[in-house]
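Okay, so here's just one chain, in structure tokens, the form predicted on its own.
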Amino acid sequence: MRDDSQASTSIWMATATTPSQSRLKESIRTDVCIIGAGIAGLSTAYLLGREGRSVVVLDDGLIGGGMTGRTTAHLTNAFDDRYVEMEKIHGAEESRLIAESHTAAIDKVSEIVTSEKIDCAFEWLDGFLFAQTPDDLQLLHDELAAAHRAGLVVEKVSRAPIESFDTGVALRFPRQAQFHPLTYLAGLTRAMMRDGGRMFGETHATKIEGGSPARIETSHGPVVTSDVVVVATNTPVNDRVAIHTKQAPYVTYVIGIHAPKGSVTRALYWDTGDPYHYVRLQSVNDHDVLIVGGEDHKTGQANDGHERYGRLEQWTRERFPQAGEVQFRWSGQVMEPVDGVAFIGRNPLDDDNVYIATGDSGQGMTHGTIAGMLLTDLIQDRKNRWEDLYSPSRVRVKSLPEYASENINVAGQYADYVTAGDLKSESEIRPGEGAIIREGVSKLAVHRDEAGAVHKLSAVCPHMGCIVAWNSTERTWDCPCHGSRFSAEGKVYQGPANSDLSAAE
């Protein structure tokens, strides 16, 4: 299987059929315009449509074609950044609200699946958190107590139910769930359109302005005007600074590996490593696929994806000796807020009718559903208990050291302007590869395609001017500052940049 971003396919993309959507052909007016057809955008669109609001959804790709299509689709209230840490940063009451909101999100997905009769393999499961090393046993003890204080029913068990290796003591989180994310989104889309909503694909929003009315311009001409605009693009493409200094982009890696049906107990599994591993099963025809993720790193700051996939496979085979052939490999991008909690609400330093949803922190399926619930309440002018917790304008004093660390890291990336290129000459670039090459005072992103033709682009990210880096595993140009990603030919497909790499001068 090829590893470039145009050919690598998650298990969801390979096993789903999503409704095709036409391009926006004329200027239109609506109550709410939502940018982004992932789980946050479509959950918001569906719930607003249920309340009688007219909704338009725009996306420049396919339904779920962004990070929702690259998730591992755990639906869990076992918080990735640990309740013991959330209690330290946010306090006991906010920790309870975190648990409450993620639990409510799982219940909301279940409710929608039932009421809309969506065949998306939704399944209630237990989740198990186990220690990566014996030194992490105290963390399990502390997390159990913090989860109880947050109001969750969690118990300590002697081991997770995996016959092939002894995890040792584990925490069991009941009433977790999993589903097929793209078939779920297809069901949401059909229901949203039944209620009068409109969905347009292949429609790139180039300019997003709040005000009365909000105005969304597209790359091919038509304009959408609306009372409210929601930017649900994984990371906001309408901001330059406001949110991007408060979260950091990380690439995470996933493999899907053949396992005999029934050979692994169906559950969600997580260890305490840093970065941690996360595991689930998906049934495909006559076998199971063991889906294993981990090996995270800052976007654009490592180019060793093949090695990371190899380490994931080794970790998996050591613990699941029945594992067979690797059938899928893919990566996704996770936005990590400095205080661990998503940003959902009114966009800071913007008009009051502009809302954002970002900062999934590795729990995009529940955070995206929370976004739908919370934004619907805010847009409908209803009070919501979670509003302050998820406010994009919040500042948590205890998260300031992490804030400083991440932004010092970003500042350090600008030193790339004065360094040498990856290679001295384009003649050193092999077909299918790319490299940064210095040409006078400029740096160029140079790609040689499979036919041998050389393509030269400016290496400067159009978002905040960082120098992009070549990702040889995905065959993309990745920005090491705020996580923008571009195809080998320079086409933007991951924000916060909202335009392509420019041609080399």
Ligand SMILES: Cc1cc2nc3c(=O)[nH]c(=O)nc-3n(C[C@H](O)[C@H](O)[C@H](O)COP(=O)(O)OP(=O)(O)OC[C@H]3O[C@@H](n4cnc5c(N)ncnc54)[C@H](O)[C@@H]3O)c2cc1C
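Numbering starts at 1 and follows the sequence shown. Keep in mind that this is a model prediction, so the values were computed, not measured.
Below: the form predicted in complex with this ligand, not depicted.
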Within 4.5 Å of this ligand in the predicted complex, counting heavy atoms only, one of 436-444, 48-56, 31-39, 469-477 shows up; tell me which.
31-39
Of the residues Q247, S95, T72, S101, which one places a heavy atom within 4.5 Å of this ligand in the predicted complex?
T72
Among the candidate residues A147, M192, V334, L290, which is the single one with a non-hydrogen atom no more than 4.5 Å from this ligand in the predicted complex?
V334
Has each of V229, D350 and G372 got a heavy atom lying within 4.5 angstroms of this ligand in the predicted complex?
no
If you check in the predicted complex, is W330 within 4.5 Å of this ligand, heavy atoms only?
yes
Is it the case that R308, even though its partner is missing from this view, gets within 4.5 Å of this ligand in the predicted complex, heavy atoms only?
no
Give a yes or no for G362: in the predicted complex, does one of its heavy atoms lie within 4.5 Å of a heavy atom belonging to this ligand?
yes
Going by a heavy atom distance of 4.5 Å, is W386 a contact of this ligand in the predicted complex?
no
Does anything in 59-88 come within 4.5 Å of this ligand in the predicted complex by heavy atoms, and if so which residues, in order?
D59, D60, G61, L62, G65, G66, M67, T68, R70, T71, T72, A73, H74
